[in-house]
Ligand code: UDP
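In structure tokens, one chain follows: the form predicted alone.
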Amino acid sequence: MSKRFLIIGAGFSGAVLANRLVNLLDCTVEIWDERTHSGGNCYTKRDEETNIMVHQYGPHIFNTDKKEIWDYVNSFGEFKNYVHRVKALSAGKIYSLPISLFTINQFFNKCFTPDEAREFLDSIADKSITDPQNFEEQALRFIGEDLYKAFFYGYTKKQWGCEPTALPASILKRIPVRFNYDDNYHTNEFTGIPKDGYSSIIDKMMDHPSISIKLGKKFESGSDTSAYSHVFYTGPLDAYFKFSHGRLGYRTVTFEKFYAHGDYQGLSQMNYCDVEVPYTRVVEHKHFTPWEKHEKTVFFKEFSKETGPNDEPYYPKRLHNDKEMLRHYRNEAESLEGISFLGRLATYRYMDMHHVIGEALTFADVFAKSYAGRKKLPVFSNTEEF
């Protein structure tokens, strides 16, 4: 008899999982999403006034070093070549990001060679900090005070809503510094943007006779799911348990939309590093599709704020208290039967698209093998380290 599965969430995690399960098992899959559209935060649609393809929840540039994942997403639609270049406005001047040989030479008014730049950066780094205890100390240890203040202090304070000294050093595991003139923001081998937008890719993943989708359908924990052989949940982990251990900390993003004629800023993303500027960056979406031509342009100013009950969660804060709460939620989840948790919200991690897709593919394979072999079914798609 065909098994019936329920997936909560029609983003990449849910779509990839559904697509994989119906190809691995004799099953039907029903997908619910409380939003009126599929795609999660990768949802794209054309702007009505300009016809520009807009990333509705902020920019997404697909990049991976794994050919199997690149081939997988390309099987659902054409990805066009795209090079993501980011500039930063700091104290009235524009610089290239990530910090590169060009940035260093421009900022310090020098003409360093790569080796000279390495030696210089080493000389201004704060070597007295041997065991960084917070974000600021981690940055100072790598690049020194001047570059930290110019590019990281204000942006980080706006992004996370607190002084960088209040953030753990682990948030900034390393600072990408390049000692060449490469201004491609991403270094992975395979990079691109889908010609018809991410929503087209995700919808094609779910376009299968054994998959059905219900949009505008909210899932409440405790609902009767006895009609399904198993439930897969990709929403916020704390919401599933009705915040019984508290709300996990997230930052969210709000947008201000603007129109202009021609080209507003000359590239897709400009970061605003000065703390006096209330927004973190300006994103101009026509530059994500350089193969298209548009007379008008649409751009968005992005503002970061704490996530409230009615906000979409974006960036997990993962501070000490959050990790303690997460431990309680995961322990409680592990005691349940008939449900699994996967994706960035259900595992409370920052994940790029290729991580989400790769993990969903792996999880589907592990689940299908366990299910077919009548072994213990996996509860989470990841092993959490606190």
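We call the rigid core whatever largest set of C-alpha positions still superposes within 1.5 Å between the two forms. All residue numbers are counted from 1 along the displayed sequence. Since the structure is predicted, the reported quantities are computational estimates derived from the model, not experimental observations.
The discussion below concerns the form predicted in complex with this ligand, not included here.
Chemist: Mark T156 yes when one of its heavy atoms lies within 4.5 Å of a heavy atom of this ligand in the predicted complex, and no otherwise.
Modeler: Contact with this ligand, yes.
Chemist: Indicate whether V277 is a 4.5 Å heavy atom neighbour of this ligand in the predicted complex.
Modeler: No, V277 is distant from the partner.
Chemist: Would you classify L101 as touching this ligand in the predicted complex, given a 4.5 Å non-hydrogen atom cut-off?
Modeler: Contact check for L101: no, nothing within 4.5 Å of this ligand in the predicted complex.
Chemist: Even though this ligand is not shown here, does S268 get within 4.5 Å of it in the predicted complex, heavy atoms only?
Modeler: Output for S268 is no: heavy atoms all beyond 4.5 Å of this ligand.
Chemist: Just one of F107, F190, Y185, F241 has a heavy atom within 4.5 Å of this ligand in the predicted complex. Which one?
Modeler: After the contact test, the surviving option is Y185.
Chemist: Given that this ligand is left out here, which of F151, F299, Y250, Y233 has a heavy atom within 4.5 Å of it in the predicted complex?
Modeler: After the contact test, the surviving option is F151.
Chemist: At 4.5 Å between heavy atoms, only one of the stretches 156-164, 285-293, 223-231, 260-268 reaches this ligand in the predicted complex; which one is it?
Modeler: Heavy atoms within 4.5 Å of this ligand in the predicted complex occur in 156-164.
Chemist: Assess the spot marked by F5, H37 and F219: is this ligand within 4.5 Å of a heavy atom from every one of these residues in the predicted complex?
Modeler: The answer is no; none of F5, H37 and F219 reaches this ligand.
Chemist: Determine the residues of 95-124 with a heavy atom within 4.5 Å of this ligand in the predicted complex and present them in sequence order; the list may be empty.
Modeler: Residue within 4.5 Å: L97, and no other.
Chemist: Answer yes if the CA of V283 moves 2 Å or more between the shown form and the other one after aligning the rigid core, and no otherwise.
Modeler: False for V283: its C-alpha shift is below 2 Å.
Chemist: Once you overlay the rigid core, does the Cα of L167 travel 2 Å or further between the shown form and the other one?
Modeler: Shift at L167: 2 Å or more after core fit.
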